[in-house]
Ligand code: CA2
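Next up is one chain by itself, shown in structure tokens, the form predicted on its own.
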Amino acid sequence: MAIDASVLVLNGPNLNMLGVREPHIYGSMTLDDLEAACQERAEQLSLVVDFRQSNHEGELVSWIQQARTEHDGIVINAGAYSHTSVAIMDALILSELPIVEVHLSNIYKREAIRHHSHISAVAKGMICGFGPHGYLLALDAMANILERD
């Protein structure tokens, strides 16, 4: 697969606490470990990954807006904002880019408030429940989407 595309990988609130936060749900891998794994997979897929994390909704919205002209797709784990942020959903729509949503945990096996995602409404697909491997699956999916389009 040789597509040479750029993918923004966005991580929302509390994902900077991976490895410390509820390891029985999120595992022991840190965000830095996750970024390294994504960079390795991206290289195999001929993708360039711009990996970012913020606890601030407005910053995530600004990065999504910038992605419209700087990237070819977005992989996003918006954390709790997945379930609450219409602003992030609107920014994703305005980006006009393919979106793949990813969650470390299976949001459907958790509290009812986590069962709805505003991002799912605008994403090509969602991967959840596979821990850090879900990010690699999301990059595989994005490479497939970009190669087809």
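All residue numbers are counted from 1 along the displayed sequence. Given the structure is predicted, the values throughout are model-derived calculations rather than measurements.
Below: the form predicted together with the named molecule, not depicted.
Visitor: Is it the case that Ser6, Lys124 and Ile145 all touch the named molecule in the predicted bound form, with a non-hydrogen atom of each within 4.5 angstroms?
Guide: Checking in the predicted bound form: none of Ser6, Lys124 and Ile145 is within 4.5 Å of the named molecule.
Visitor: With heavy atoms only and a cut-off of 4.5 Å, decide whether Pro13 touches the named molecule in the predicted bound form.
Guide: Because a heavy atom of Pro13 falls inside 4.5 Å of the named molecule in the predicted bound form, the answer is yes.
Visitor: Would you please decide whether Arg114 lies within 4.5 angstroms of the named molecule in the predicted bound form, comparing each non-hydrogen atom pair?
Guide: Contact check for Arg114: yes, within 4.5 Å of the named molecule in the predicted bound form.
Visitor: Just checking whether Arg110 would be counted as a contact of the named molecule in the predicted bound form - the rule being heavy atoms within 4.5 angstroms.
Guide: Heavy-atom contact with the named molecule at 4.5 Å: present for Arg110.
Visitor: Is there any non-hydrogen atom of Arg41 lying within 4.5 Å of the named molecule in the predicted bound form?
Guide: Close contact is absent here: in the predicted bound form, Arg41 is far from the named molecule, nothing within 4.5 Å, heavy atoms only.
Visitor: Looking at Ser54, Ser95, Ser105, Ser85, which has any heavy atom no more than 4.5 Å from the named molecule in the predicted bound form?
Guide: Only one option qualifies, and that one is Ser105.
Visitor: To test your reading of this chain, name the stretch in 31-39, 77-85, 63-71, 44-52 whose heavy atoms come within 4.5 Å of the named molecule in the predicted bound form.
Guide: Among the listed stretches, the partner-contacting one is 77-85.
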